[in-house]
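Quick setup: one chain, the form predicted alone, written in structure tokens, and binding and motion questions come after.
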Amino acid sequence: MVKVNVDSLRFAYRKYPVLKDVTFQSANGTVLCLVGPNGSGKTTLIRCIDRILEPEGSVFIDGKNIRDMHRKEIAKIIGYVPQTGSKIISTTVFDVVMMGRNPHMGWQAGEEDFVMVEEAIQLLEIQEIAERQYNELSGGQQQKVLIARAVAQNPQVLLLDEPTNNLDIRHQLEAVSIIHKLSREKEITVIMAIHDLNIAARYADKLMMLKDGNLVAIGNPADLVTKERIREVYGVETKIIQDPEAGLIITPLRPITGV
């Protein structure tokens, strides 16, 4: 079943086009990874889907245009994890995760809200820092807290903008594994912008390659991740091998002069 349907999406900053007629669909319980060089439009696309930005074109969730939805209604079904949460005022980790329940709460938190927050904290394995001040944490710890906040929101669609930023190798794998597991077990539609092609190729059901605001290709990682396609999108020569355990392994060799 199609959960997210993006149709002819266009966006410009001060008349400078950042997204150009992007159209795609993403289904329930799948992970779609957005990849492409810096400035290709990945972050802008994530923000347009969440209606943080107001693009031309249409975004439908379960067949309903988000332009016809109130902000609180959108927040009940779409969870968003930005690259950074530096604007969060000084408060505890527990309270930051509880913010994910705001769209569902009345005047105060109920039993279900506390249960969802505790589950999210345990899932991201941040119990030991739950009472610490968010602004005192490392960048990697803050990123895990922001993912937990989105999980506590119990979204149908989860948007993540570079969720592995500031995470070491172990925590990168843990975070993406959790996101992948959530998509399967709770049938959440995940759309994730990510730089690491190896992680994207390993965990994505679909890859979407962007360059200069254009959708270059979308499909199965095994079909899209080729030396020719990476040369076209990134301007880099690569070596690609298929490992029985790790899957596709992409090793950059050298930039292509003049690209």
Partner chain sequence: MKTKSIREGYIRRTAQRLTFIIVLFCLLFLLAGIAVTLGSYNIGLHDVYKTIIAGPAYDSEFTTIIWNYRLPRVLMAILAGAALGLAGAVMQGILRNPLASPFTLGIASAASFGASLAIVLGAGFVSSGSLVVGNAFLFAMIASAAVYGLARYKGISPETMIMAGIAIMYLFSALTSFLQYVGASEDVHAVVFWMLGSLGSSTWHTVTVATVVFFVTFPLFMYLAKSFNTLSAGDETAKSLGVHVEGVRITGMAGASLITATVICYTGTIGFIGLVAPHITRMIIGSDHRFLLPGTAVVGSMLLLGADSIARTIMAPQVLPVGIMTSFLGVPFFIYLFLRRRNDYW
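Predicted model only: the values in this text are computed from it and were never measured. Numbering follows the first chain given and starts at 1.
Beyond the structure shown, there is the form predicted together with its partner chain, which is absent from this document and is the topic of what follows.
Residue Asp95 is the only one of Glu187, Glu125, Glu174, Asp95 with a heavy atom lying within 4.5 Å of its partner chain in the predicted complex. Its partner chain is not shown here, and in the predicted complex it never comes within 4.5 Å of any heavy atom of His195. When contacts are judged by a 4.5 Å heavy atom cut-off, Asn154 does not count as touching its partner chain in the predicted complex. Remark: Arg71 counts among the residues lining its partner chain in the predicted complex, judged by a heavy atom distance of 4.5 Å or less.
In the predicted complex, its partner chain sits within 4.5 Å of a heavy atom belonging to Ile52.
In the predicted complex, the residues of 123 to 145 lying within 4.5 Å of its partner chain by at least one heavy atom are, in order, Gln127, Glu128, Ala130, Glu131, Gln133, Asn135, Glu136.
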